[in-house]
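Here you get one chain, nothing else, as C-alpha cells; it is the form predicted alone.
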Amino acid sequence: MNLSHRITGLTEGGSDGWDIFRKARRLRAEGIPVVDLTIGEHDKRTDPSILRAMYDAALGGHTGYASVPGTVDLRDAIAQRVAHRTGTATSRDNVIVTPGGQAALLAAHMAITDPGDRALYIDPYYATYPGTIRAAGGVAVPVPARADQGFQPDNSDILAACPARSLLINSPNNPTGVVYTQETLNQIARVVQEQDLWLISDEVYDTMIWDGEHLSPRSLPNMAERTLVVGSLSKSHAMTGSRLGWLVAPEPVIEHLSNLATHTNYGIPGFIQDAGLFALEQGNELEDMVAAPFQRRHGIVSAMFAANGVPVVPSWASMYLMVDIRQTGLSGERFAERLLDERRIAVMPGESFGAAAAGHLRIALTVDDDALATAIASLADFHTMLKKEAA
C-alpha cells in the first residue's frame, strides 16, 4: 500500500531544516545543558490574565461547537484591529479564524491554488512555506531576495519566475528580521497586478518592529481584492500553544474557506477564541509588553556582534537576528553543527530557510538577557576562531 504523493512529497524527500533543533532537544533530554536559540518561542509565556479569561470561558460553558469561521465578537475584533492598523476597510466578512497562522497559510493556498499551479515564495523563507504550497497541490517556486540587496525582493527576480498563480511574502521577515520598504512593497504590488497574481502576505510579526511602522500591502491601491493576509496571536501575545490565527481576504474567499473549515477542523474551541478576544481588547499595552524583551535584546546582541566584528544582516524587527558567517569558510549548517557540538549553543543554519540564506545563521532572542549575552559572547569568540582557521 502506497501513501499519497501529496503527503510523501511535502519536503521532497530531503531534510525539513530542523535537524539542529532536534539534535539540541535530544541533548537536553539526555541532561546535557544546551542554550537553545533555535525557535521563536517566548521565554515569558502567555500572560496569566489571558489564561484566566480562557479558564473562565471554559468553566462558563463555551466548550461546545463554536461558529466555524470564528465567533462574531472575535472576528469583529480582528477586523477592527486590521482596519485600525492598516487604514483599510475590513469587516467580519473578511475574516476567518484558523488554528494558528500556519493553518491560515495552508487555507490561503488551498483557496487560490489548483494542482500543478506555480506558487511563488520569497527566499529566505519560513521553513514550512514550500511544504505548505505542496500540500495544497501547488508547485513551490522560490524567488531569491539577495543578501547584497539587504534581502529586499527585486521585481526582476519575481518576473523571472512568472507565469504563476500566487506570490507569498513575509514582512517583517522570518528569518532575516528585515522589513520590506515602501518602495519594495510598491514594486511587489505593481508586478502582482501586472502578472495577475494573488498575493499572500504573512504579517504575524507586525507588532515587533523596532524602527518605523508596519505597512500591509493590502492597504496599497487596488490590492485589497487580490491580497490574503495571515495574522496570529502567537507572536504578538505569546500565545503560540493556543493555536489562534486568522486570514483576512475578500469576502468570496472567506465564504469558501468557511466551507473548507467545515470539512477539516470544524472551528476553533470557543474558550480559546474568548481568550483571544480578551487579549485583543487589552490593546497596545499588552502587545508592547510582549515585544519589549525582544527589542531590548535586539539592541544588546547587535552591539555585541558589532564590537566583536561579527557581521549581521541589518534589521529592525522580529525576535531574530541573522548573522553572516561566510568569512569562516563554512556553510551555515556546518557552523551550527560545530557550535552545538563544541559550545553547546543551538542556532538555526541559514540553509534551513532557503538557498538565499546560505552562509548565515538565524539566532532567536528567546532566552533571558544574561544567558543570551553569555551565549553571544561565546558565539562571537567561536566565529573569530573559525575565521582565523580559514585565513
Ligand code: PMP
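Note that this is a predicted model, so its numbers are computed, not measured. Note that residue numbering begins at 1 and tracks the sequence as displayed.
FYI, the form predicted in complex with the named molecule isn't displayed, but the following is about it.
Enquirer: Using a 4.5 Å heavy atom cut-off, state whether R226 contacts the named molecule in the predicted bound form.
Expert: Answer no; every heavy atom of R226 is more than 4.5 Å from the named molecule in the predicted bound form.
Enquirer: Even though the partner isn't displayed, in the predicted bound form is S166 close enough to the named molecule, meaning a heavy atom within 4.5 Å?
Expert: S166: no contact with the named molecule in the predicted bound form.
Enquirer: Any chance G270 has a heavy atom within 4.5 Å of the named molecule in the predicted bound form?
Expert: Flag for G270 set to no.
Enquirer: Can you tell me whether Y129 touches the named molecule? I mean in the predicted bound form, with a 4.5 angstroms heavy atom cut-off.
Expert: Y129: yes, in contact with the named molecule in the predicted bound form.
Enquirer: Which one, 252 to 260, 80 to 88, 149 to 157, 170 to 178, holds residues whose non-hydrogen atoms are within 4.5 Å of the named molecule in the predicted bound form?
Expert: It is 170 to 178 that comes within 4.5 Å of the partner.
Enquirer: Just one of Q187, T207, Q102, Q195 has a heavy atom within 4.5 angstroms of the named molecule in the predicted bound form, so which one?
Expert: For this set of options, the contacting one is Q102.
Enquirer: Here the chain is shown alone; which of T113, T71, S234, N94 has a heavy atom within 4.5 Å of the named molecule in the predicted bound form?
Expert: Flagged contact: S234.
Enquirer: So which residues in 27 to 44, when you check the named molecule in the predicted bound form, have a heavy atom no farther than 4.5 Å from it?
Expert: The stretch 27 to 44, when checked against the named molecule in the predicted bound form, contributes no residue at the 4.5 Å heavy-atom cut-off.
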